[in-house]
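Let's start with one chain on its own, the form predicted alone, as structure tokens.
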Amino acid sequence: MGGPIISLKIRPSREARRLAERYGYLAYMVERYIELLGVEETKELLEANEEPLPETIRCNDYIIDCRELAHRLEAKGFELKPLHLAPHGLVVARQPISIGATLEYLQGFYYIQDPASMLVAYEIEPRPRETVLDMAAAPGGKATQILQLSRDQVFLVAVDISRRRMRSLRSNINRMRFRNYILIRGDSRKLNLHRTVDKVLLDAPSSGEGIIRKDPTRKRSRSLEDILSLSALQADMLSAAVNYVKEGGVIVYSACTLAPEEGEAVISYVLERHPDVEVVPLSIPHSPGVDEYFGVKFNGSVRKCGRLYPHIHGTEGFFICKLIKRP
């Protein structure tokens, strides 16, 4: 892995320090939000992060009609609402027991998945007979969704480096009754593939800053140095993805973060080194990527990437970008 792909020194302003103290963040994080959004909208973001993320599930319509699933769960006392961002999503407004403790869950009828996370696989647009590589697949949310959207007719190569998380991946794919896949435990930057693949999903290891609504410890868990180190890993993985995908193939990159170091900086870095790759517009609801950050100018194409904000979209913080490798 190389060194940092972007060099920054963020000096928090008095207002950033004040808001950081009030809401419990590291000051550099709040200064970053002010740079992206301005002071007043930063306050809206920080307030939105104080609201718990709704519990959401993704119906597995490969094996059950979503209306039938809703009827079954409502008969048990659950209150469900449609998740308008995602066609297969349901918001669990009330649960008499844990949503992960039902017979329907054990039968593979749904996956417990956060809202923004559900949107990523739709951008892959998996089609029958394609080979799709998931480079950081565990615990299986997006891997099972790719198989679901293709009606189990893609060939999925699901890779993860963690032995523990691989157990969850295997369990979830089996629970949801998919069969057209292989699992590989290892470093996805070092795969020895015999041929290129049609599509690649890289839901990159990240700071997890986007899930503050679920895990408030993320307000203080990562230093700027940690973020810069992660961005170098992400850039390495995305560069590998470019090498794995065929000409004309698609790569979808995502990260559960609001940090440009883990989003636009990674995309801009890879675009500079792979002139055969271009960013294409997203179909999902989103805010545009940012092309300048503390005086650093990114490749202008990053504005076609997508950001999801808690105070705008009601989701976790998320970054998504779709790329095509030109023939």
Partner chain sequence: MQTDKEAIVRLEKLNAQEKERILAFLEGLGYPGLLDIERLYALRVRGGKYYNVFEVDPPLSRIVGITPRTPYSLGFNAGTLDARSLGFRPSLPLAFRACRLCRAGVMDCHVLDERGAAIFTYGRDVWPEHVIAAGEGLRPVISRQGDCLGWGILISHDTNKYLHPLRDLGWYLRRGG
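This one's a predicted model, so the numbers in the text were calculated from it and none came from an experiment. Residue numbers count along the first chain shown, from 1.
Same protein, other form: the form predicted together with the partner chain, not shown, and the subject of what follows.
Candidate stretches 248 to 256, 99 to 107, 219 to 227, 233 to 241, one within 4.5 Å of the partner chain in the model of the complex by heavy atom: Going through the listed ranges, the match is 99 to 107.
Whether H84 contacts the partner chain in the model of the complex should be assessed with a 4.5 Å heavy atom distance threshold; does it? Result no; H84 lies far from the partner chain in the model of the complex.
At the 4.5 Å heavy atom threshold, is G186 in contact with the partner chain in the model of the complex? Answer yes; at least one heavy atom of G186 falls within 4.5 Å of the partner chain in the model of the complex.
M166, heavy atom within 4.5 angstroms of the partner chain in the model of the complex: Residue-level check for M166: yes, a contact with the partner chain.
Under a 4.5 Å heavy atom criterion, is I124 part of the interface with the partner chain in the model of the complex? Flag for I124 set to no.
Any chance V157, K190 and H194 all have a heavy atom within 4.5 Å of the partner chain in the model of the complex? Yes, the whole candidate spot contacts the partner chain.
Any residue of 166 to 190 that, in the model of the complex, places a heavy atom within 4.5 Å of the partner chain: The stretch touches the partner through M166, R167, S168, R170, S171, N174, R175, R177, F178, R179, N180, Y181, I182, L183, I184, R185, G186, D187, K190.
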